[in-house]
Every structure is written in structure tokens, then in C-alpha cells.
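Okay, so here's just one chain, in C-alpha cells, the form predicted on its own.
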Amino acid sequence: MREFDESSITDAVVARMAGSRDDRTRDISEALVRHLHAFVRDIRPTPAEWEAAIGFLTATGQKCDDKRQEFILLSDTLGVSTLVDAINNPVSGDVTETTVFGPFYVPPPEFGHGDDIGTAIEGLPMLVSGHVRKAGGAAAACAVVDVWHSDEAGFYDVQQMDKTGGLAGRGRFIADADGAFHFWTRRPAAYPIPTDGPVGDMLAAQGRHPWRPEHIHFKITARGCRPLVTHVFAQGDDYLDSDVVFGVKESLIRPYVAHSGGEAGGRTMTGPWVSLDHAFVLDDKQA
């Protein structure tokens, strides 16, 4: 068959995928074509509109480099990242809930307990402490805890390497035999995702704000457990109910407690500071 119309083209394309190298490739390809064609039939784009769509995707790819991933931003802001996360990480007992990975992770340098990962960024001193255990109750001894967050202006180190002089506001810690860890840093802030690219243009066209609530990222791995990627959000933040990437979950909201002076985390403090303490539970049933 050589002549196709609106009603016949979809089945024709699907039929040509019968020789896919494996069943999964065929199933994904067929679903992609059927849903994409249904989308096109639904919106009935003009040639100019379809050209603009292709231009948008082209510009999205051109905005990606080793420090920025515009396609992750696109996935995040369309709720796809949260959907994929929800499909692959259903809530199970008291296991800490996951959330989106985000576009700013890079493998961090390792620090010791009580070290300060925020010396190159501005912000209020902050003590972060936590415990990691397995769902069965045992401590996750020697768990590897990667953390990363923005500065007080909402920028990550990879967005301002000329200012920070290298990685900052991120680090790797090895939990002790009790699964405990703690470190000093600077309090982050709510921030807008980058809006100087195609995703920013999309949000503006959709009448949406680009803001994420204040949070710290955690990526935790331990032998015999499923890896955990999550955030801990600041209680009371203005954007908890409208996170641009749909990443907030009630169980991940914690108070960032204000203090003044005193002894904490191996330091004598003379001014204001804040603290965050959180217990993380890893899934050791479906590792």
C-alpha cells in the first residue's frame, strides 16, 4: 500500500514495526506511534504549528550541555519525571518516598562527618543531620549519602562555577555504623528553574511560574537496598503547593529549625543558624 490518509496511516506505520529486534522495542514503538498520531489528530496542527513544534524540540536539544539538561527540565515541568518515578517507586510501608532527580546532579567530593560543604557559597549556616536505616529496622551502616542544594540566591554551583571556583553545596558522606551522618552547609532557598531556554518560553506561554520550593537533594545507596533519590523540603515554603516540577510529597516536608548561638555539630555558634534532621528508610525488600 502506497497511499495513506488520516485513517490509514497509523496502522501502516505500526505494521512496519513487526520486525522489531525484541518485544519491548516493538511495544514501545507501537504505543509511541498510536499515541503521537492520536495527539496530532486531536490538536490538528497547521504545517506552521508542526514546524514550530519541531523547532521547539530542536532548540531544547541545542540548550543542553555538560552543565545543563534542558530535556530533563522539559520532562520535569510536564510532570513526566514524577510520573515515571511514581510508576517505578510505589509507596511501601514506612520507606522514604522518592521524588524527581533533577538536572543538577554531578558526583560530589567526599567529606567527613561535621565538615562544611558550603564554604564557597553564601547563606545562613545550616546543620544537616540524619539517620539511614533499612525497612526491616536495621541501621544502614556505611550507606553512601550524596547531597546537593542551591545557595541562598537559588543557584547551584554548576550554574556559577566562575563564582564558586568549583563544586560547592554538594558532598558525599559515608554513614557510620548506626547509619548516622551530619554536616554543615548554607541554607538554600526557593528558586526558579532556568527560564532562558525553550522550557522557560513554554512556561510563560502556559501562564505558569517557574519556582521550586526550598529543598535539599539526597541520593542514598546501601548494600542490599534499593537506591533512594529524594528531597527534603522546607516546611512553610510558599511554593509547596505549586512546585513547577510536581516533586513535593507531604512526607518529605520537614521544619528547618531556627537557632541562635550555642554548641552544635562540633561548633560553637555565635549568631543565627538553622538545622534540619531527617530519618531515611531504605527499601530492602525489593532491592
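Please read all numbers here as calculations on a predicted model, not as lab measurements. Numbering starts at 1 and runs along the sequence shown.
Form predicted together with benzoic acid (BEZ): not shown, discussed below.
Comment: benzoic acid (BEZ) is not present in this chain, but in the model of the complex one of Ile117, Ala140, Val128, Leu73 has a heavy atom within 4.5 Å of it, namely Leu73. For the candidate set Arg186, Arg133, His217, His182, a heavy atom within 4.5 Å of benzoic acid (BEZ) in the model of the complex is found for exactly one residue, namely His217. Heavy atoms within 4.5 Å of benzoic acid (BEZ) in the model of the complex belong, among the stretches 98-106, 118-126, 161-169, 82-90, to residues of 98-106. For Phe173, no non-hydrogen atom is located within 4.5 Å of benzoic acid (BEZ) in the model of the complex, even though that partner is not displayed. Contact check for Phe155: every heavy atom lies farther than 4.5 Å from benzoic acid (BEZ) in the model of the complex. The shortest heavy atom separation between Val245 and benzoic acid (BEZ) in the model of the complex is within 4.5 Å.
At the 4.5 Å threshold, heavy atoms of Ile193 reach benzoic acid (BEZ) in the model of the complex.
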